[in-house]
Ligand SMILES: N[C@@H](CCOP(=O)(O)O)C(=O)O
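First, one chain by itself: the form predicted alone, in structure tokens.
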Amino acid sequence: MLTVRAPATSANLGSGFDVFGAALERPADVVRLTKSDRTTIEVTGAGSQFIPEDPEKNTVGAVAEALDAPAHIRIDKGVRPASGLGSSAASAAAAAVGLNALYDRGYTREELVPIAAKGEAVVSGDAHDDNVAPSIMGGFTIATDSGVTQIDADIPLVACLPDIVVSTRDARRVVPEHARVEQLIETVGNAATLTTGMHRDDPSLVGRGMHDTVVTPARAKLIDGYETVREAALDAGATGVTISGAGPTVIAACEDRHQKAIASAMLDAFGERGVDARAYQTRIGRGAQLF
């Protein structure tokens, strides 16, 4: 038997829609795998009642099939489904890393990314690398058609998860089909700024680079209280605030000394709208770990 801990992730980070991703120190999924003649799945933990255990409808089932690696797979969910924190990606990443080791398939971490993305497609309808890449490889990742670039960044973050459900499919429906040239120019500049900040471990640059005027405003309408929470976080010292993945998690970059105050401010702001929430004081961390 193998045990794998795979982290939650934050995709897009504002200016990097469908490209940027970051692994978070917490929360995480823990997946235990045992060789078997057929794949069976057991799910416990956060939101487990909403996750199918049928291998054909679960992310890890698709990964097991892709690797030709049947197993009994027990998933302990630390990452709530429909949270914007890469819940399905964490399970898929854990399964890919674990089954690759259990069956000695010999894939590199980067080679496992598209395999895990096949599991993601079971939930979202499309195979995207922006969550599975950081969950497998850790750090900050840039996922393109030509491969994944990874940076071992260290940036403090606050991820505030409200008790609201936003499905990935719904969030994709509101993404604008067109953008003005001025918006594209601004987005490229912000993405470059964010990437430079990751290289330098500079929360100020990362925060500035999170700004986005194309996708984020459209998705913000799906999150009750988003603008209020964003302003509260900035007032408390955040260097930048955006939607994590498809939402509803709101993520803020910051310096260590402001983390606690930002978490409290975001919780209070959601509370003023009558929305319960949980705040993770976290940072960019490692990818999936084998135990």
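Numbering starts at 1 and runs along the sequence shown. All values derive from a computational prediction rather than experimental measurement.
Although not depicted, the form predicted together with the named molecule is the subject of the following passage.
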One residue of Arg208, His128, Arg74, Arg109 in contact with the named molecule, assessed in the model of the complex (non-hydrogen atom, 4.5 angstroms): His128
Listed residue that, although the named molecule is not shown, lies within 4.5 Å of it in the model of the complex (heavy atoms), from Ala62, Ala233, Ala28, Ala246: Ala246
Options 100-108, 145-153, 188-196, 130-138; stretch whose heavy atom lies within 4.5 Å of the named molecule in the model of the complex: 130-138
Whether Asn12, Phe17 and Leu85 all lie within 4.5 angstroms of the named molecule in the model of the complex by heavy atom: yes
Partner contact for Arg200 in the model of the complex: the named molecule, 4.5 angstroms, heavy atom: no
Residues within 4.5 Å of the named molecule in the model of the complex, restricted to 206-229 and counted by heavy atom: Arg219
